[in-house]
Every structure is written in structure tokens, then in C-alpha cells.
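One chain comes next, on its own, written as C-alpha cells: the form predicted on its own.
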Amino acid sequence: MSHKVTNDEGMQFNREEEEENDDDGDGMDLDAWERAYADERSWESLQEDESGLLRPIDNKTLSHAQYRRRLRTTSAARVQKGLIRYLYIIIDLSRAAGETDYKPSRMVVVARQVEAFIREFFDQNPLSQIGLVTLKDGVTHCLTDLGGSPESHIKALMGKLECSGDSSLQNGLDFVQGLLNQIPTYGHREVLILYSALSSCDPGDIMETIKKCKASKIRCSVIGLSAEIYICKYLCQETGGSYSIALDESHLKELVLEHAPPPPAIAEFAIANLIKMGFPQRAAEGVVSICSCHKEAKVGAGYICPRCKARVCELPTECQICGLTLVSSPLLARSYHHLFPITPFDDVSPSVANDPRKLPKNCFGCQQSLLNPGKS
């Protein structure tokens, strides 16, 4: 028995076949950001170069990041920076933070990057302090006050990860402006905003709030997780901060960590100041004393203020009794590497790298053999 295929049936059959082919080819034509979430086969994003090494397919992103780091390091040697920073991190926890374009959600990804940033910040700025603020339901919530303990900030953040309502950028700026306005003039006042929403539900004129921040010498920077917003861009332009939009999670991490090194000092802050500091001694083990920061009795493992003999738990901090800034000499020494950065290394051309005769045999710094690593 023979079966005749009409034109309509043939066209429908060809259309279904083309759709199947399109479905099969979707996985091959995915963009880089789609491949990151499509599956876990990360080996598909690698390729072998001419020397036999595995390299990521997206080399433009890596080369661009290296160029930005090199440019930032080169220009930093000629710019004055502040060693004592007071930074408030404003995190948008409105309903927009629950979007799942970042896996598992924007809120979880932001919290993860803030945790890494806090540790990196205190590693590079041991004399500085951080405070955490969240925006949700149109209200500003203060998670932590300014302090120098990374663990207390991270613990407070991870215990309050809930998103709801709208965000109010004006309320957040008004809140931190009132707190940072009390900071001494030698401290550099900064605000880093991680914003997920596309709008701001404000009770008044946000332009007046931006003028207050500018008058208080507060540098405001914004990292957006969605599209660019004019008011955020205007805020950064007026206060001397930076405004960036994250493309994916790895780009978000790069943008956040860019704020760990101290930024260039504003012209009004470039004046040299003498700051009175105290170097407390560690309290004897087993001695019971009243802690001035927690207002309770504790046993040993603290520091004694050299001026008023009050007990504090950690360094750096400000004595709650006499107001003296308390630091340790290792923390002060670690802050100086921003003032005297290492000269950037020069890239070796491929022709020189392939010819061992043109390369030095020993490292200039440690005198270790470059031909046989581990041998001097």
C-alpha cells in the first residue's frame, strides 16, 4: 500500500525536523554566561593552546582583567591614599534580591561576595572599620555598627538573610550620613551600595540627601545587579565614587573586591594629620575585669588601654572610656604597603620566554633557580 504525502504534510514534517535540530544545537551555541548555568560540564569551556596547556575559551575577559589590575597598580604609585577608612556597606534586600538570575538567588550571591570582601578588606586595611546596613520594606536596618571584627559582621549578615518589600535609597543614605558625619576628619568616609532593585521608594527629595553626602565628604559607590539607574550614576558622580553593573557572579566578585584597596584621597583629605594612638598591652591570663565594649565581666584574653586602663576585646578599636584609638604595631606596619607598592613586573615576550638563554637563571629577589624551581 502506498502513501502519498501532500505539500502541507511535507512542510509540517520539515518544520518539525528543523525544530529538533535547533533543540540539539542549543547547547553548542550558548554564551559564556549561559554555559555557567546550563550544566556542570566545565571542561567544555577549556581549549588547548599551542603549548599544550588548557586555557579558558573566553580569553578576552582574562586579558581585560589583567590589564585593569596592571593599570590600577601603575597609577596607584602616584596617588595619595588614606589608611584609616570608615566604610558602610548598604545591601539591598528588597523583593528584587530574590530574583533567580543569579543562582540560587541575588541575595545569596551578594551575601557570599560580601563575606569574601569583608575578609579581604580587613586584610588590606587593618586600621579601618566596617558597618553593615540593609534596605527592605522601605526601611533601613542597621545590622552592625562600625567595628574591626570580620567574624561579628559575617555572623550578623548570615543571620538576617530575608528579602521583602521595596528599597529606599534615600533612607539608607540619610542613615549612614548621620553616622559618618560623626567620624573624625582624618578618617575617610565611604559607602558601598549593592543594589538589586530598578527603583527607589523614597519619602522625600533624594537630591537633597545627595547634597548632604557630598558636603560631608562621603564617597558613595554603587554596584548594580540589574540595569543602570540614573539616580545611582548621579550619586556616584557627585560624591566621587564609582558605578558599575555586574554581568555575572564572577564579574560581581571582581567589582566588589576592587573596593578593598584604599581609593585615592579626596583633595580636602590630602592634608597631613597627626593622630594620637595607643598601643595597649595584652591582659594577663586568668585576670577578671570589666570589658568596656561589651559591658560585662570577662576573664583574660583582652587588651588594656594605656591611658585609662580600661579593658577592650580586640584591636583596632576606639576606647569607650577615653576615646583613644587603640592599635598594634603589626597592624600599623601592614597598612604601609599601600603607600609603597611593589613595582609591577614586566611581561616577558613569547620569543624571550621560549629561549632559555635570554632569561635570567636566578630570581632577582630570592635567588632561587628559575630553571630548576626549589634549588638555589
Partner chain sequence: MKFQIEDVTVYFPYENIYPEQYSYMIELKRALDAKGHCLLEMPTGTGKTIALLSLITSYSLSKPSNPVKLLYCTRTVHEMEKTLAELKLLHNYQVKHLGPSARILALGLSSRKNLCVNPAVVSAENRDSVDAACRKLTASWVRALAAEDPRVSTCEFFENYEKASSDAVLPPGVYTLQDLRTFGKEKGWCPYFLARHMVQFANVVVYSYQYLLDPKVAGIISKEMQRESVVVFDEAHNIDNVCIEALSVRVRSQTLEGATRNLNKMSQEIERLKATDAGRLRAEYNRLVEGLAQRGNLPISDTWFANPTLPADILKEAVPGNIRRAEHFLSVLRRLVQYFKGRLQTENVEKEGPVTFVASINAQVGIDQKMLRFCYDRLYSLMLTLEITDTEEFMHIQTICDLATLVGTYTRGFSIIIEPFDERMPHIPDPVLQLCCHDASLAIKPVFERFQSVVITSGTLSPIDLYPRLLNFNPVVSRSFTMSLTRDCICPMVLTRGSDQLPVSTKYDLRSDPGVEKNYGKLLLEMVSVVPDGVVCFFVSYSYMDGIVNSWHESGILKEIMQHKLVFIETQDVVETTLALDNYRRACDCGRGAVFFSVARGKVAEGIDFDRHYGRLVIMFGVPFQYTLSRILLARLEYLRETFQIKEGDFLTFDALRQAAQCVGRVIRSKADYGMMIFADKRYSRHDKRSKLPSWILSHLRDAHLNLSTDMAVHIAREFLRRMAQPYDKTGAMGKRTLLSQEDLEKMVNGVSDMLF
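Numbering follows the first chain given and starts at 1. It should be emphasised that the depicted structure is a prediction, and the values quoted were computed from it without experimental measurement.
Form predicted in complex with its partner chain: not shown, discussed below.
The candidate spot formed by 225, 228 and 231 is fully in contact with its partner chain in the predicted bound form: every one of the three has a heavy atom within 4.5 Å. The stretch in contact with its partner chain in the predicted bound form, judged by heavy atoms within 4.5 Å, is 192-200, chosen from 192-200, 177-185, 152-160, 83-91.
Only one of 212, 141, 298, 251 comes within 4.5 Å of its partner chain in the predicted bound form through a heavy atom, and that residue is 251. Of the residues given (283, 107, 206, 132), 206 alone sits with a heavy atom within 4.5 Å of its partner chain in the predicted bound form. For the chain shown alone, residue 265 is not a contact residue for its partner chain in the predicted bound form, no non-hydrogen atom being within 4.5 angstroms.
Although the partner is absent here, residue 246 sits close enough that one of its heavy atoms falls within 4.5 Å of its partner chain in the predicted bound form. When contacts are judged by a 4.5 Å heavy atom cut-off, residue 102 counts as touching its partner chain in the predicted bound form. Among heavy atoms of residue 119, none comes within 4.5 Å of its partner chain in the predicted bound form. Residues from 154-184 that approach its partner chain in the predicted bound form with a non-hydrogen atom within 4.5 Å are limited to 166.
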